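The chain that follows stands alone, in the form predicted on its own, written as structure tokens.
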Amino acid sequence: MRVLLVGTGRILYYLARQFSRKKILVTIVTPYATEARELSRRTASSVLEGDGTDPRVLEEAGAYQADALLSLMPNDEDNLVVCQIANRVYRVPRTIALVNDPENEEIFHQLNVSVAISATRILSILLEEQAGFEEISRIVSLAEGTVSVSEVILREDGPAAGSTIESLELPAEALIGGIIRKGTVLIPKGGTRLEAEDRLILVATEASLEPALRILTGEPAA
């Protein structure tokens, strides 16, 4: 798999490092010479100094061969332009953009950006839901809201504590993607036994979310 990262900031380094560990080929485009040199030194990625909103720069970075592009520029307008060029000119099948203003998310979706991520909205949701219902926090929604990722904290007296995942009989369109237990991340299997205070990462469709939450916590979504 080939991924093209366009942007600036420390997130480029962290993403490149994570992707490299998964044997994903990464090319980085950043507008700053100093940052380009630093990323070349610290990562195994190909790094190109240039303006990611310039089609010629994206072509030089290998956009024709990219399976996915992530645009992480500080300005929403730049991220939208990068994704539009990648999709329409170079036929990159999957484009992901950082959206700083949550009100711009809908525009990104209308213009066929595969995934628009608003850190502002995610933090707002976490704050609001934590204040209203501590056991369940909606982290992000994907696929135009049809799939959600939620964090669920198991209470000691909750119905799922002490049960194995396979015994819970979760809906077919809901799964536990990870467990955070005492600061350690666990990859769950059917026989994994859940414990009180486990933080579960629940991935579910809109229709299966509430039934899954009832099984895990005894309560519906807030």
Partner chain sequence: MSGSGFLGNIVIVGCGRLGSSLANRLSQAGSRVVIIDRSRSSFSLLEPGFSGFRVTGDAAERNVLVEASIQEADCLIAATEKDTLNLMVAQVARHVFSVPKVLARVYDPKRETVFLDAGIEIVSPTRLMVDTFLAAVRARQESA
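Positions refer to the first chain, counted from 1. Remember, predicted model here, so these are calculated numbers, not experimental data.
In what follows, reference is made to the form predicted in complex with the partner chain, a form of this protein that is not presented.
Engineer: Taking the shortest heavy atom distance, is residue 151 within 4.5 Å of the partner chain in the predicted bound form?
Structural biologist: Heavy-atom contact with the partner chain at 4.5 Å: absent for residue 151.
Engineer: Is there a heavy atom of residue 56 lying 4.5 Å or less from a heavy atom of the partner chain in the predicted bound form?
Structural biologist: So residue 56 counts as contacting the partner chain.
Engineer: Even though the partner chain is not shown here, does residue 72 get within 4.5 Å of it in the predicted bound form, heavy atoms only?
Structural biologist: Heavy-atom contact with the partner chain at 4.5 Å: absent for residue 72.
Engineer: Check residue 51 for me: does it contact the partner chain in the predicted bound form (non-hydrogen atoms, 4.5 angstroms)?
Structural biologist: Residue-level check for residue 51: yes, a contact with the partner chain.
Engineer: Answer yes or no: in the predicted bound form, does the partner chain come within 4.5 Å of a heavy atom in every one of 25, 40 and 43?
Structural biologist: Checked in the predicted bound form: no contact with the partner chain for any of the three.
Engineer: Going by heavy atoms, what in 75 to 91 lies within 4.5 angstroms of the partner chain in the predicted bound form?
Structural biologist: Contacts from 75 to 91: 75, 76, 77, 78, 80, 81, 84, 85, 88, 89.
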